[in-house]
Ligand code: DGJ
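Only one chain comes next, encoded as structure tokens, the form predicted alone.
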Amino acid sequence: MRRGFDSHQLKGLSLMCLRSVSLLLAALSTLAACGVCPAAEYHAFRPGQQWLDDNGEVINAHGGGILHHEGVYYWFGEHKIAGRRGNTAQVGVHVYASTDLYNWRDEGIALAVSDDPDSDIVRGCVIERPKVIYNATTNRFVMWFHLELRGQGYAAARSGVAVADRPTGPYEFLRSGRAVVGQWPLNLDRTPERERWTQPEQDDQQLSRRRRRRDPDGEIPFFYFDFPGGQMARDMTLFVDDDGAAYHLYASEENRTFQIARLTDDYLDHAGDFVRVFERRLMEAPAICRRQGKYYFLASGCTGWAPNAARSAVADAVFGPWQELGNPCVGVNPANGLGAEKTFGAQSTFILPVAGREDAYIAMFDIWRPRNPIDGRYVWLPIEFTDDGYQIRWRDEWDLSVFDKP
């Protein structure tokens, strides 16, 4: 015969439930303090807020870019660790996968740093802004990234290249080096005087000192001094055009000038043809997209880790000429009180075309926190195109329905 609970039993059960709830709350608090929370299902973007993966851990893909392949988005970015040491590569390039752009599955480390002291990507080097593109001819996935050799600060200014047979890797590191070695840009006349400026230096240790002595006011672009050994390539992105041609866009010449270089058909090297653009404009953090026959460019000024005003430009061809449009940002990030003059406290990294949606592009930014880089945040915002350019307006929360046509 079934019997009910008496008052003492009910009181005991209530105490047990309270203890269980208390233990659960304590466990959740501990997990949150460790940067781990139960996985949540997202239905919207919340710029600047913590973003968790399918394991309930904070997404770790800074300075990233997105590859869309066979219905799946792959997000590649710098894997950071806590503390200032996290500004160097201690783990490698992380990759996540998603079918809706809101919820991301951790796919692990796509490119791992090496423990070989002779490797260019030995632990402690600098790996920044990894981007991956797919080559339909070779059926391989190609990763490019900005590489600085361990212990050399930002003097190397190299590009690293790696390949894989699957989008998530593992990626095989092939090599690193300077860009377009010994090549002349398409948009610069070659004269005897300019030829004279390209003569190689004899003493690399005194290179920067002689540069200042030969050109104290910066009248001779660094392009000429770097001609024999190759051009500097720091902040970068990749872009594949509608015809399958791929391009490497990078801050060069001590960040004073941008260069845009076409890649070989296999995407593994520079083809040799390139242009110098935005000369002496001190720009970095490039992103690019193509829309209705025009090319749109997004970048920032150069102020180290500190945010500055974003910049935009438009062109009828990848190689330009490019017309600057000004700062596209509108609004204020309420979390830090920063508006367009500081790009909401963030810096651009990629423009993502949303598959299957007409005229839908997302501008991706990073909020850098160099004292504890693992706590850097992501800001994704929709791009609104106008008759004379485009705008990127702050939104506390939004979803892909903003792209729906009325």
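Here the structure is a predicted model, which is why all the values come from computation and not from measurement. The first residue of the shown sequence is 1; numbering continues from there.
The following text describes the form predicted together with the ligand, which does not appear among the structures shown.
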*Is it true that W184, D226 and Q259 each have at least one non-hydrogen atom within 4.5 Å of the ligand in the model of the complex?*
no
*Report the residue, out of E128, E107, D120, D269, that has at least one non-hydrogen atom within 4.5 angstroms of the ligand in the model of the complex.*
E128
*Option touching the ligand, based on a heavy atom within 4.5 Å in the model of the complex, out of G326, P334, G304, G244*: G304
*Segment that reaches the ligand in the model of the complex - one of 92-100, 111-119, 128-136, 166-174, heavy atoms within 4.5 Å*: 128-136
*Does the ligand come within 4.5 Å of any heavy atom of E253 in the model of the complex?*
no
_Considering non-hydrogen atoms and a 4.5 Å limit, does the ligand approach N60 in the model of the complex?_
no
*Within 4.5 Å of the ligand in the model of the complex, which residues of 232-250 have a heavy atom? Give them in sequence order, or say none.*
D235
